[in-house]
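What follows is a single chain, given as structure tokens, in the form predicted on its own.
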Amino acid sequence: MGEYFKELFGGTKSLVVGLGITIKHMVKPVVTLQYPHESLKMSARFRGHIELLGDEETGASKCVVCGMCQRACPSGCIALAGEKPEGAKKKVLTSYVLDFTKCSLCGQCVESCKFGAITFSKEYNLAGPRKEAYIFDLKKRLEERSG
């Protein structure tokens, strides 16, 4: 008979402890985000895909088409092209394409750029139905952001 009451007391104690934990977590503030309507702010050290930076005055790309980012990329995911307009001293960027399906986010392209023309974006919510959705024309994206 004593064993019965011992088990009854132990079960009741376990129930009260469990309910105490449940009540304690019920009154804590909610930390869950309602995803499609709310999103997290990315930390300063987050590495998304690369993006071109524009000059504050002109809005044009800072890229001088030296090709260092393309040579430094171990994945071979960067393709850029430029041309030298007649009478100009420097080349002008005509296209900058990133194949994000190949990118390993190593950061060697950003480190090799001596002109500060590329950086990591804060975009983390990339989704697409096909591979082609991850081939970015970074020059076009820069023009859309600044224009």
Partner chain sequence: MMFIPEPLRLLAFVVGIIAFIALNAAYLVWLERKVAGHIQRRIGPKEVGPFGLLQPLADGLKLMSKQLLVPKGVDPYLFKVAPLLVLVPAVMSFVTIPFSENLVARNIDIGLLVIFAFASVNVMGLLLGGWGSANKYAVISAARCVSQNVAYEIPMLITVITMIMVTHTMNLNEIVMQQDGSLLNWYIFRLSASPLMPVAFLIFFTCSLAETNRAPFDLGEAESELIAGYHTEYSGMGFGVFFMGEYANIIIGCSLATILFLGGWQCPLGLYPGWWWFLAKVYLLIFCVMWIRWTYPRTTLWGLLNLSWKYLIPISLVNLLLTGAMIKLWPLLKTFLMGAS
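Since the model is a prediction, treat every value here as computed from it, not as a measurement. Numbering follows the first chain given and starts at 1.
Not pictured, yet referred to below: the form predicted in complex with the partner chain.
Undergrad: Indicate whether the partner chain has at least one heavy atom within 4.5 Å of a heavy atom of residue 18 in the predicted complex.
TA: Yes, contact at 4.5 Å.
Undergrad: Even though the partner isn't displayed, in the predicted complex is residue 130 close enough to the partner chain, meaning a heavy atom within 4.5 Å?
TA: Answer no; every heavy atom of residue 130 is more than 4.5 Å from the partner chain in the predicted complex.
Undergrad: When the contact criterion is heavy atoms within 4.5 Å, does residue 23 count as touching the partner chain in the predicted complex?
TA: Yes, residue 23 lies within 4.5 Å of the partner chain in the predicted complex.
Undergrad: Taking 4.5 angstroms as the cut-off for heavy atoms, does residue 87 touch the partner chain in the predicted complex?
TA: The answer is no: residue 87 has no heavy atom within 4.5 Å of the partner chain.
Undergrad: Using a 4.5 Å heavy atom cutoff, which residues in 27 to 43 contact the partner chain in the predicted complex? It's fine if the answer is none.
TA: Heavy-atom contacts to the partner chain in the predicted complex: 28, 29, 30, 31, 32, 34, 37.
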